[in-house]
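Next up: a single chain in structure tokens, the form predicted alone.
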């Protein structure tokens, strides 16, 4: 058996020569899931990697020699377990991919709104909190940006790692037909900066409004800022803006 003590240091980056091993480790981890180990023959491993049985057998041996897995032969099967060093490599992969994804431009296309943002921003219970918590008195309306499926997924994934600014819900304001006080839900906000895609030199601080109850269509993001953004950036429907999430 090869040395699988896991004492070798984990590199800062994945060596291109190890991409095939990286790929194999990824698929093993994905298959093992939350189990401690898995029974797998080299033929099954080959099907998983879309390679021959002989190549898969060599891959098993290489991963073991590198200390990324431990294995024990039982007949034609291997009992495979991911080592701590293998788990550290997976963490390195995650951090590298996360950095790449965070650097991909998130771009939204200016689109006509429904007036919904203007209505809610104008409500005193929201407006006063926006001024206090966002650090600026917002224009009483929002800019609507439509994102592609990929950009929207990237944005949602990025927001998961950030602490939102919470605009508290409240009861009051306009009354309905039965004269009962209306309830307004909490709103999550995220600091960001906007710039035209064709001119990144001019940036403006803004906030993404993450509203749970909205009538907007799929992939529409509402942006709140101090100036009227259409005038500030000289925008028309179809123009594209870059969204940069604040690092603070």
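Between two forms, the rigid core is defined as the largest C-alpha subset superposing within 1.5 Å. These figures come from a predicted structure and were not determined experimentally. Residue numbers count along the first chain shown, from 1.
Another form, the form predicted in complex with the DNA, is not on view; read the next lines as being about it.
message: I'd like to check something about residue 51: if you look in the predicted complex, is any of its heavy atoms closer than or equal to 4.5 Å to a heavy atom of the DNA?
response: Yes, contact at 4.5 Å.
- prompt: At the 4.5 Å heavy atom threshold, is residue 42 in contact with the DNA in the predicted complex?
  reply: Within the cut-off, so yes.
query: So in the predicted complex, does residue 195 come within 4.5 Å of the DNA, heavy atom to heavy atom?
result: Close contact is absent here: in the predicted complex, residue 195 is far from the DNA, nothing within 4.5 Å, heavy atoms only.
The DNA contact in the predicted complex: residue 122, any heavy atom under 4.5 Å: The answer is no: residue 122 has no heavy atom within 4.5 Å of the DNA.
task: Only one of 219, 31, 55, 37 comes within 4.5 Å of the DNA in the predicted complex by heavy atoms, so just point that one out.
output: The option sitting close enough to the partner is 55.
query: Which of 148, 76, 171, 161 has a heavy atom within 4.5 Å of the DNA in the predicted complex?
result: Only one option qualifies, and that one is 76.
query: Pick from 198-206, 58-66, 23-31, 184-192: which stretch has a heavy atom within 4.5 Å of the DNA in the predicted complex?
result: That would be 58-66.
- prompt: Core-aligned, does residue 228 move its Cα 2 Å or more between this form and the one not shown?
  reply: Residue 228: C-alpha displaced by less than 2 Å between this form and the one not shown.
- prompt: Quick one: once the rigid core is lined up, does residue 206 have its C-alpha move by 2 Å or more between this form and the one not shown?
  reply: Residue 206: C-alpha displaced by less than 2 Å between this form and the one not shown.
message: Please state whether residue 146 has a C-alpha shift of 2 Å or more between this form and the one not shown, with the rigid core used for the fit.
response: Shift at residue 146: below 2 Å after core fit.
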